[in-house]
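To begin, one chain is listed below as structure tokens, in the form predicted on its own.
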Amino acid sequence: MAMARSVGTLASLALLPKTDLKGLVERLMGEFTVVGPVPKGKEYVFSPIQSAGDLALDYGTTILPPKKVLHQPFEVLFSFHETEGICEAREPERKQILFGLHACDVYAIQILDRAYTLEYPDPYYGIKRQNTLIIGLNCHQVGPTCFCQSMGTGPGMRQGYDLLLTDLGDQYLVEVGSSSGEALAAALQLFPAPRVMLVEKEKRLDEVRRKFHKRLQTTGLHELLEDNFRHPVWEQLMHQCLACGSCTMVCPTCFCYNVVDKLDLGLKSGKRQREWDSCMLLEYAQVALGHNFRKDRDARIKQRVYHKLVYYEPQFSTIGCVGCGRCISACVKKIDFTETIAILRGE
């Protein structure tokens, strides 16, 4: 790969010719486990790549968010055996890079950081997050269910990344967002770029912003929902929703989990693992002696919507929805809560 002098300050910009992308990724793979968007049928998923050619940076949205790398769907906390004793789970020593994340997913990880590292630090999430670098990718297309622009989480990225790529045609503009990103950029010896390239970046993002069709009006949202807790729309959704939990399973900001002990039939070995859980499932709010605080589906639907749009803010100083649209795409009945909010507004 042809190289020029390296980037030296946090405010630095660099240019990466697309012809050099393969070599850059291969160099990263020599030191890190690189996780990025790869094709899966007609969809895309985040997965560890085996070669630079695996990356599909023209993707729209992945099935599951990159959250699954930091907060795994199934995670063994420890295992035990009659003769070997207790064996705690060990994290890989090799650091990892999340490559090609869009703005909404990076913003969602910042929300998870608050949930898992502030008041009650989670050691399993914390060690993964500490050993993870993020190379973001500004969006250059808009999916049919995307509404990140309404939530202020996209299509352009403002923070949360170590390095940020913007597609400028035959090259990428690279921005440094952290001291770790600065060290990474210096090690990769990227081409310095003039600040005028930021003007071209904004032109590209403006083109993307004009492509949005789905929107969610957030003005007065808190008051709107508080005033419409008994609105007939919730009963309508109760009869429509299957309470399958798909919407929460694909959500990049949902962080609930259950802890389960799994034993062998001889009771000589077993493991304790945590699994993603969902407030949309009937058993979620069931307590001892069988009482269930949210037995009816409309209560569970409201819990999900109100948690994302009302309850999150006093707890984490942000709305809990990033506008990725995965919940709409994953819903068997195509329930779209942007339409629900429009109904509450009388639109």
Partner chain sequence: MKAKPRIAIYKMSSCAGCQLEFLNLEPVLLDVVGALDFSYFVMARRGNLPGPYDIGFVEGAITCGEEIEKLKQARKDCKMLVALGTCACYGGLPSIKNWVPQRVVEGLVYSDLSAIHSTKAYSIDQYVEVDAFLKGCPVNKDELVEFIKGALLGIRPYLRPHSVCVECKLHENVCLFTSKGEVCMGPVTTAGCGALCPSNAKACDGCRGPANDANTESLAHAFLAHGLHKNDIIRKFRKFAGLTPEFSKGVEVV
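Under this definition, the rigid core comprises the largest set of C-alpha atoms superposing within 1.5 Å between the forms. Computed from a prediction, not measured in an experiment: that's the story for all the values here. Numbering follows the first chain given and starts at 1.
FYI, the form predicted in complex with the partner chain isn't displayed, but the following is about it.
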property: The partner chain in the predicted complex reached by all of 40, 297 and 331, non-hydrogen atom within 4.5 Å; result: yes
property: Touches the partner chain in the predicted complex: residue 74 (any heavy atom, 4.5 Å); result: yes
property: Residue 262: touches the partner chain in the predicted complex, heavy atom cutoff 4.5 angstroms; result: yes
property: Non-hydrogen atom contact residue 68 with the partner chain in the predicted complex at 4.5 angstroms; result: yes
property: 4.5 Å heavy atom contact, residue 45 to the partner chain in the predicted complex; result: yes
property: Interface segment, criterion being heavy atoms within 4.5 Å of the partner chain in the predicted complex, picked from 128-136, 235-243, 147-155, 92-100; result: 235-243
property: The partner chain: the contacting residue among 267, 199, 86, 118 in the predicted complex [heavy atom, 4.5 Å]; result: 267
property: Selected contact from 275, 82, 113, 207, since only one has a non-hydrogen atom within 4.5 angstroms of the partner chain in the predicted complex; result: 275
property: Residue shift check between the shown form and the other one, rigid core fit, residue 220 Cα at least 2 Å; result: no
property: Residue shift check between the shown form and the other one, rigid core fit, residue 113 Cα at least 2 Å; result: no
property: Exceeds or equals 2 Å, Cα of residue 266 between the shown form and the other one, core fit; result: yes
